[in-house]
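Presented below, as structure tokens, is a lone chain in the form predicted alone.
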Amino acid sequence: MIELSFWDAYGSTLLHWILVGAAIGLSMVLLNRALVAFGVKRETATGYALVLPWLLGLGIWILYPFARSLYLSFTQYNILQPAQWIGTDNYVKMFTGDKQFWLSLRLTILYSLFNVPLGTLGALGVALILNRDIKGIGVWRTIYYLPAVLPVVAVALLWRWMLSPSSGLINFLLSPIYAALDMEPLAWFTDPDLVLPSFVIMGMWGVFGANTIILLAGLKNVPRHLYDVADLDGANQGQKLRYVTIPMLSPTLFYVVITGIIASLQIFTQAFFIEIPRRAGTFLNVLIYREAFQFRHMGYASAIAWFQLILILLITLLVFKSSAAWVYYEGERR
């Protein structure tokens, strides 16, 4: 094995870092002097110069790839050859000639329809339990949050083993039921009809995570005097939950639902590390990855990505429009 010196191994990268940093620093100085020369106050010019690195990052790393992907969606591009303009052919192929796209779209939307409400209700239930004044509540809160700090890849591999048809923990626990009903163990991820339920069950793992903590923080902000007034009116626990807790928590629930929809429609890591039958389709993000980096169909992958973006925007907009009917903001005039 040839041993490389530090400079041979990292010299080129280090030199590029230094040159880029120097170029950004020089740009900041030149911008500052130019603004001052055009009569801008020195303090204001300094502010613009200091935000210049962020503006450069926004343009180079976000806006340019954004615009470039839109352009590529109208081209045939395989990385090795220049992009060729083909108009809307990628979009026509996506909607009329790609069965895998429709299977993936169906699986992604159905997963979101089940995962978001079940996950939100589960997280709300756990948050209500953790909001109670019981002994050792700090320890319980830590335990319930532990699954959220595990790497997503590890969680995916764990669930792949747990739902394994032959050696998984779930089928082992259900074996008495299988024996009583004289049925074969469920194939979970390898049965096209059980792929969706398997991912929904795995998605419930997210109940014990950030959403629970966010909802718990929201519960802590519900004014105590509202519960005191409800007690004076003779309200029971269910009525206090319905008429006090849920309305006051609705802005937090709104945030959890919006972020949950976006995350569900963009699920990737779990789906990428768990192989499922081709007949069941896959998730949109995995389909985009395969088209782009396995088949080098960068233009077609960009077209699917733009469709996914518009789909997320439309669903998010619908939820925003519906918020006037179920989200309550204290102090808001109606």
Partner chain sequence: MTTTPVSVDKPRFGVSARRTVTNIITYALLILFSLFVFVPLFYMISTSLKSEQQLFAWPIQWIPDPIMWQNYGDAFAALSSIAPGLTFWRILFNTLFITLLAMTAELIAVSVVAYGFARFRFPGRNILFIIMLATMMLPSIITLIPTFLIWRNLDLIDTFDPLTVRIWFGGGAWAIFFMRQYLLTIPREMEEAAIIDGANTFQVYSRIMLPLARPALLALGVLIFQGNWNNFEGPLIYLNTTLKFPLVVAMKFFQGSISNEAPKWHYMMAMSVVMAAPILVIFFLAQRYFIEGLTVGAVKG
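What we label the rigid core is the largest C-alpha set whose atoms superpose within 1.5 Å from one form to the other. Because the structure is predicted, anything quoted here is derived from the model rather than measured. Numbering follows the first chain given and starts at 1.
Only in words, not in the display: the form predicted together with its partner chain, which the text now covers.
Trainee: Choose from 225-233, 101-109, 258-266, 195-203 the stretch whose residues reach within 4.5 Å of its partner chain in the predicted bound form, heavy atoms counted.
Mentor: In short, 258-266.
Trainee: I'd like to check something about residue 77: if you look in the predicted bound form, is any of its heavy atoms closer than or equal to 4.5 Å to a heavy atom of its partner chain?
Mentor: Output for residue 77 is yes: heavy atoms within 4.5 Å of its partner chain.
Trainee: Are any of the heavy atoms in residue 276 no more than 4.5 Å from a heavy atom of its partner chain in the predicted bound form?
Mentor: Close contact is absent here: in the predicted bound form, residue 276 is far from its partner chain, nothing within 4.5 Å, heavy atoms only.
Trainee: So, residue 141 and its partner chain: in the predicted bound form, are they within 4.5 Å at any heavy atom pair?
Mentor: Residue 141: yes, in contact with its partner chain in the predicted bound form.
Trainee: Do residue 147 and its partner chain share at least one heavy atom pair within 4.5 Å in the predicted bound form?
Mentor: Yes.
Trainee: Can you name the residues of 46-66 that have a non-hydrogen atom within 4.5 angstroms of its partner chain in the predicted bound form?
Mentor: 46, 47, 48, 50, 51, 53, 54, 55, 56, 57, 58, 60, 61, 62, 64, 65, 66 sit within 4.5 Å of the partner.
Trainee: Superpose the two forms on their rigid core, then report whether the C-alpha of residue 309 is displaced by 2 angstroms or more between the shown form and the other one.
Mentor: It does not reach a 2 Å shift.
Trainee: Could you check whether the CA atom of residue 14 moves 2 Å or more between the shown form and the other one, using the rigid core for the fit?
Mentor: After core superposition, the C-alpha of residue 14 moves 2 Å or more between the shown form and the other one.
Trainee: Could you check, with the core superposed, whether the Cα atom of residue 46 shifts 2 Å or more between the shown form and the other one?
Mentor: Yes; that C-alpha moves by at least 2 Å between the shown form and the other one.
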